[in-house]
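Just the one chain here, laid out as C-alpha cells, in the form predicted alone.
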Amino acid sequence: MNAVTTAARAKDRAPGLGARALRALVTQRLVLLVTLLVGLVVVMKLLERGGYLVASYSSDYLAASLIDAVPLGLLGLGQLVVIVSGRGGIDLSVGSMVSVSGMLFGFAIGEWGWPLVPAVLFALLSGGLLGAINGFFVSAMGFPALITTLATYYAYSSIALVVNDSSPISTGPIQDLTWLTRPVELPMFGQYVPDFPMGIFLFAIPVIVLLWLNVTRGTYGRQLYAIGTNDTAGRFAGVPVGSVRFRAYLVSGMVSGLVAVVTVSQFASARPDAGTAGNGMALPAITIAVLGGVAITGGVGRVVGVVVAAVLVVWLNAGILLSFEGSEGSQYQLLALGGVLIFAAILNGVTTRRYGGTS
C-alpha cells in the first residue's frame, strides 16, 4: 500500500506534458527558434489569405529573401566566436570591415583586372588583417573590446570612404558578378522546390560547416568555450588564452571579408558604405547572435542556433515589407529588430536565472 502511495505521489510531482514543453521552449533555444519560425510562416500565410499583404508570402519569395540571410548570418557567426571568447567580447567594427574589404575587392576586380579567386582571397586577407588589429588590442594590450571595436569602426569607416574619394566602384567586371548571388535552380529536383540564391551554396554553407567543425568539434572550439566560461581556469589548464581570443577576432575579420564579396556581388557595386549605411550590419549581426542563444557574458552559444535565428529575422523582415505599401515597411523593421533583441535578452536572463543556461 505504501509503495502504491509513493508511486502516486511521484507521479503527481512529475512535470506534465505542458510543463515539459514549456521548459523545452525556454531552455532549448533551437526548439524555440524553430517554433517561432513555423509560427511566423503560419501567421503570414493567414494574413495573406485575409488580403492584408501587398504580395504573396510564397515559398519562392522566402527562398529569394534568403540572400539577405547570407551576410547577416555569416556576421552573426563571426559575433558568436567573438562573444563566446568572453571578457566582454563583441565586434562593433564588422560593418566597417565589410566596407573596407569590399572596396579593396572592388579595386582588385574592377580596376586592377584580377581573376575572381585571387580577388576573393585578397578580400579574405584584408578582412583578416583588420580583425587581427582588433584582436591585438583586445588580447595582447588588454583593451576593452567594446571601446576597441568602436574606435576601429570609425577608423575603418573613414578608410573605406577616403580610399576612393567616397565614390563606389561599379565597373563592368563588378557588374558581371551578380551570378554569385542570383537564384538558381537546384539540379535533379529543382522543378519541385523554389530557386535558391547561389550565395547560400558558395558562401554560407561552406562557412557554416567549417565553423561547426572547428567550434563544435575541434580543439579550438573547446579552448574557446573554456576561456569564455572562465579564462583564469583556462589559463591554469594550459589554454593559450591570448592566442585563442586573438583568433576569435581574426575569424570575425575574415568572415567580414567574405561578406564583402557577397555584398559587392549582390549590389553589383563596391560601395564605401556597404556595411555602415543606415544602421549598419553590426547591430543586426549581434541581435541574431543573441537571439540564437549566444550569452553576452561568453562561453555559451551554438552555430545552428545562430543560423536559424538569421533565417527567422530575414523572414520576419520579408513579411513586414509585404505588410505595408511602398517603403514604409522598412521603418517597422527597425522596431521589430529592437523588439527581437529585447525578447532575446529577457529570455537569456530568465533562462540563466531559472535553469542555468540554454543549450
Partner chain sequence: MPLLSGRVTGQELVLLGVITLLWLALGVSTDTFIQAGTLSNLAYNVAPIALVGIGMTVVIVCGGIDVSVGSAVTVVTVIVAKLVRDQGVSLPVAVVVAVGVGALLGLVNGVLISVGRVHAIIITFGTLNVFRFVALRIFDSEQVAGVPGTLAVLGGGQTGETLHVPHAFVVMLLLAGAMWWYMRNTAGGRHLYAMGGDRLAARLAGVKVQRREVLAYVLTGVLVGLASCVVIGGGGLIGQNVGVGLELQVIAAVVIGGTSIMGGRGTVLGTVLGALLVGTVASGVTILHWPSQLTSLFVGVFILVAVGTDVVRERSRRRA
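Just so it is clear, the structure is predicted and the values come from calculations on it, not from any experiment. Numbering follows the first chain given and starts at 1.
Just so it is clear, the following notes concern the form predicted in complex with its partner chain, a form of the same protein that is not shown.
What stretch, of 162-170, 250-258, 124-132, 110-118, brings heavy atoms to within 4.5 Å of its partner chain in the predicted complex?
-> Answer to the contact question: 162-170.
Worksheet entry | its partner chain: the contacting residue among T232, S158, T178, T216 in the predicted complex [heavy atom, 4.5 Å] | Filtering the options by heavy-atom distance leaves S158.
field: in the predicted complex, the one of L53, A63, L40, L334 near its partner chain [non-hydrogen atom within 4.5 angstroms]
entry: Result of the distance check: L334.
Quick one: D68, G238 and F246 and its partner chain in the predicted complex, is every residue within 4.5 Å by at least one heavy atom?
No: no residue has a heavy atom within 4.5 Å of the partner.
Under a 4.5 Å heavy atom criterion, is L283 part of the interface with its partner chain in the predicted complex? Yes, contact at 4.5 Å.
Against its partner chain in the predicted complex, would F143 count as a contact residue? Criterion: heavy atoms within 4.5 Å.
Flag for F143 set to yes.
Exercise for the section: Tell me, yes or no, whether T148 is in contact with its partner chain in the predicted complex, where a contact means a heavy atom of each within 4.5 Å. Expected result: T148: yes, in contact with its partner chain in the predicted complex.
So, I296 and its partner chain: in the predicted complex, are they within 4.5 Å at any heavy atom pair? Yes.
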